[in-house]
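Given next are two forms of a protein chain, the same chain in both, each as structure tokens and marked structure 1 or structure 2.
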Structure 1
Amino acid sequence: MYTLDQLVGFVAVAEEGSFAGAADRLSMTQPPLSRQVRKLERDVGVELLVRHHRGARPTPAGRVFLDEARRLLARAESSRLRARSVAAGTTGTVRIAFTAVSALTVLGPWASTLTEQLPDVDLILTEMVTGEQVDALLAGEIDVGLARGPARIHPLTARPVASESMVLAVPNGHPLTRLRGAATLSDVAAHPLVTYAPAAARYLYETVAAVFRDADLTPHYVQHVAQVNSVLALVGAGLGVALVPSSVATLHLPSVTYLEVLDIPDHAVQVHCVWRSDNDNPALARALTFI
């Protein structure tokens, strides 16, 4: 079977029109170059060059083979460059999962940066709640997640990448909108509260519960739902009020008003970037440098 070196030698001779010119081009002497081409012809099974006292030129079969040789060498070079770019993390695929709220904070700037800095890396984006992200990471179905307070499970690594406070979502015209200043948690606890599902949205459920527990208040929860957009829909329908991450206030629903709430910590809600520590995807490693 012929080698890439033999193809390189044949192409050089065919393009230069002589073994001497090809040898100079390849920085080698003529005898080994001549042996390479002869061996190539034996492997192919036909004469590829017509030798004459002034040099060499391709035979009819050699002209056809020359085109194929050029394509093979170009493909080999392309494969080499692609392998290097994959190893460097500048080519490949990164599968990213995100929660609805992280899409409002971290995902947009990160995805925009990755698209600009790593244009040959394909991003596959999927919305998942935190629990689903953990399962998908452990199963190797995604590379990285933007999650809320994920469980500490080997071999997952988590890095906090954003934090924010919470605001109060109320139906338009709600009595709390008539307060002269910001609402307090005591004001909020006096009204029916829509909150998060304890299993499907564990982190936000526990965050809201902790806020009221630390204030020694016991609110009246009327609905538990998994997604923040569902929370807002129920608030807009007049079923209650809800504490939501501050970034949610960028979602302008015609039936919902957002109010500031005193005595909630500035960093009550956090977004974590989560990935498997044993994930050997070079594109992921490069992507993580931009988070």
Structure 2
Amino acid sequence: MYTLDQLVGFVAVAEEGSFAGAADRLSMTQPPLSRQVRKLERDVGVELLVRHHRGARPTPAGRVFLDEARRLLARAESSRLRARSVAAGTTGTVRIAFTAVSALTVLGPWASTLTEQLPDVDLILTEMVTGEQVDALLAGEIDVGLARGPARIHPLTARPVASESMVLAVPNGHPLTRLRGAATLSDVAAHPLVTYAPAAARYLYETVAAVFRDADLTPHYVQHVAQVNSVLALVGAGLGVALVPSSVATLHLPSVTYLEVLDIPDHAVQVHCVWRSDNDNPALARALTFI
């Protein structure tokens, strides 16, 4: 197999039109350059240059090979740059999993920051509930998850990235609206409660359950719905009230009013960013600096 240095030498001779001139350009003397090119010719098995007393000119095969050599050298150089870029994390892929809640809060701003700051990093976004995210992280199928945390399983590291309280969504004209925008959990427990499906929206389901359990209250569940949007629709239709993350209150529906709940914990809904500490994806490390 020939050497890239031999290609450099050959290209220089072909471009300069002489061995002596090319040797000068390459900061070397002419004899080793001659030997270099001859070695290349022996390897390729073809005479690439015709030498005459006044320089050297490429043969037809040499002209074709010159083209190939230039392309090869350019490619060799760009492959180095590309590898460096991947190592620096400015090129590559980050596979991100997110939950319904995180999609509303941290995912959007983060993803738009990433596409702006790391334009050559591809993002693969998949919605998963927390448990699925943990499995996928351990299996190496995703690089990072936005989930309830912190997961305490060994190779996983978690960092809180957002927390918010919950507010009460009620239909317009509901009796609780008379409380002037502030209710308590016992008020909530007195009414039918639309809540989340344990499977598809497990985090919110468990968060709501925990809130009432801690307050020693037993709400009256009337529905289990997967999507936050669906919850609001049912509330608007008058089927009950619902606790939703505060960020959801930014969605204004004509038939739904939001009330503060006084005795709900401030950071009831938390989003953690979870990844494997032994993940060697440099694009992940880079992406984590933007969250």
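Since we're looking at a predicted model, the values are computed, not measured. For the two forms, the rigid core is made up of the largest set of C-alpha atoms that agree within 1.5 Å on superposition. Each residue is numbered by where it sits in the sequence of structure 1, with counting from 1.
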Pair member that is the form predicted in complex with the DNA: 2
Could you say if Gly240 and Leu156 end up in a single rigid part, given the chain moves as two rigid parts between the two structures? no
Quick one: report the rotation angle of the small rigid part relative to the large one between the two structures, in degrees. 16
Core-superposed CA shift of Arg202 between the two structures, in Å, is 4.8
